[in-house]
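Given as structure tokens, the chain that follows is alone and in the form predicted on its own.
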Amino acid sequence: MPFHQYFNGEILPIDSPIFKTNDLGLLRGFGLFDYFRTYNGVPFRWNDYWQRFENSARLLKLTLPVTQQITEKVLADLHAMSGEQEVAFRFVLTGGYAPDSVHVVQPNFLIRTEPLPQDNPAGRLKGIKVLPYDYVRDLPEVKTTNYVHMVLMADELRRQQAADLLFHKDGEISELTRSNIFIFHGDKLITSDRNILKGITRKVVMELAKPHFEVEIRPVLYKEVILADEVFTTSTTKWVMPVVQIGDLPVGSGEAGKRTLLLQQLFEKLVTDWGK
């Protein structure tokens, strides 16, 4: 069965045109989104994702047109219509149609049902390379639709066989373009709390790590990352992904570390059992 989308109260085929050309998301880049998926047919950490979406909307001063309960029913309908056991959902909230191309009148709310992202088991086993990039996001707590730097650097990432950019500014790291970053110094797990989007997978991994490691949440210096024993990144699509090279420099031994692989196993067990 085909995927569908929800737009301002209507459910439509996924390929239906919906936005008008005076939407503030198009004209001014004024919009936010979120993205999550199901495991065993159940949305993963639904309350956490909704709370983050609400927070992003609040910070952009956009009023959500529906409640969490109504949205949950829409998700169930979209999932059932897909005919798939597992799906991903993409929320998009824009400033809506603006007659003067500036002022918000009524936000537009879109929910897309999408196939699951392509898995990367090799990356989780062998690790990935990232490129350092001098930048920090505006409004980092908002999951905005602005991915200009990632798109600008896409060809360079491909040329250098790198998977992502590591944002840093004034000697301090923040995050990758689409995921959070963790480092191990011995058995101490450290992750930044400044200039980041507070990832849900990040939150889950910290919960899983606490019985096994000392966890520090604080600003992280770039030199700490370069000298770390292990580095990994977390997101909905990456899960727990080892980072084994930063630019030209290997991380630790240049292979996925045992502590990272333990957290990877714990996370995989959690999602395998999710909803059962």
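This one's a predicted model, so the numbers in the text were calculated from it and none came from an experiment. Residue numbers run from 1 along the displayed sequence.
Omitted from view is the form predicted together with another copy of the chain, to which the following refers.
From the list 198 to 206, 185 to 193, 100 to 108, 119 to 127, the contact stretch for another copy of the chain in the predicted complex under a 4.5 Å heavy atom rule is 100 to 108. Listed residues 131, 150, 74, 81 were compared with another copy of the chain in the predicted complex; 150 is the one with a heavy atom within 4.5 Å. Here the marked residues 215, 239 and 269 all miss another copy of the chain in the predicted complex; none has a heavy atom within 4.5 angstroms. By the criterion of a heavy atom within 4.5 Å, residue 226 is excluded from the residues contacting another copy of the chain in the predicted complex. Taking the partner from the other structure, another copy of the chain in the predicted complex has no heavy atom within 4.5 Å of any heavy atom of residue 249. Taking the partner from elsewhere, residue 22 is found to have a heavy atom lying within 4.5 Å of another copy of the chain in the predicted complex.
In the predicted complex, residue 94 approaches another copy of the chain with a heavy atom inside 4.5 Å. In the predicted complex, 14, 15, 16, 17, 18, 19, 20, 21, 22, 23, 24, 25, 26, 27, 28, 29, 30, 33 are the residues of 10 to 48 with at least one heavy atom within 4.5 Å of another copy of the chain, listed from first to last.
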